[in-house]
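As a starting point, one isolated chain is supplied in structure tokens, in the form predicted on its own.
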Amino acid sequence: MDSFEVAGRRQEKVEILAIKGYLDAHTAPSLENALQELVTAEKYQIVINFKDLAYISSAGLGVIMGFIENVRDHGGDIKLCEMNAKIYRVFDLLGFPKIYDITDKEAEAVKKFNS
């Protein structure tokens, strides 16, 4: 089984989840748990950094989709950043750029919460 890691940190009032490895049906619960912890703690300004993500399956996409409505209902958002071309292509094919802010750099995603 391929590995997957989620590392959380905070920058100002924005929660950043850096994801690494393979996000599939076996590893998606790790991201789901991390997002659920933020929502339970009422932290609704979230950036997911894809810089070190090598693969994402529909299960991973589903986790991200599963939280967006709740987060936005509380005045927050989930912004996505630093995707490689392969990962971005999956998101683009599914129309995610119309639903999510996707930025090239993490700093840009964080800044969008502060503007």
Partner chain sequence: METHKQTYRLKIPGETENLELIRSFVSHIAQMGGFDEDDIYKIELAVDEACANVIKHAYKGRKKENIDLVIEIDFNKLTIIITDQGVGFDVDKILNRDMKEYLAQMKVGGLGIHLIKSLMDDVEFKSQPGEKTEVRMTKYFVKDGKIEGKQSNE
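This is a predicted model, so every value here is computed, not measured. Numbering follows the first chain given and starts at 1.
A second form of this protein, the form predicted in complex with its partner chain, is not displayed here; the remarks below concern that form.
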At 4.5 angstroms, heavy atoms only, are G8, V14 and F50 all close to its partner chain in the model of the complex? no
Under a 4.5 Å heavy atom criterion, is A18 part of the interface with its partner chain in the model of the complex? no
Classify A25 as contacting or not contacting its partner chain in the model of the complex by the rule of any non-hydrogen atom within 4.5 angstroms, answering yes or no. yes
Would H74 count as a contact of its partner chain in the model of the complex, using a 4.5 angstroms cut-off between non-hydrogen atoms? no
Does any part of S57 reach within 4.5 Å of its partner chain in the model of the complex? Heavy atoms only, please. yes
Output the sequence-ordered list of residues from 85-110 with at least one heavy atom within 4.5 Å of its partner chain in the model of the complex. K86, I87, R89, V90, L93, L94, G95, F96, I99, Y100
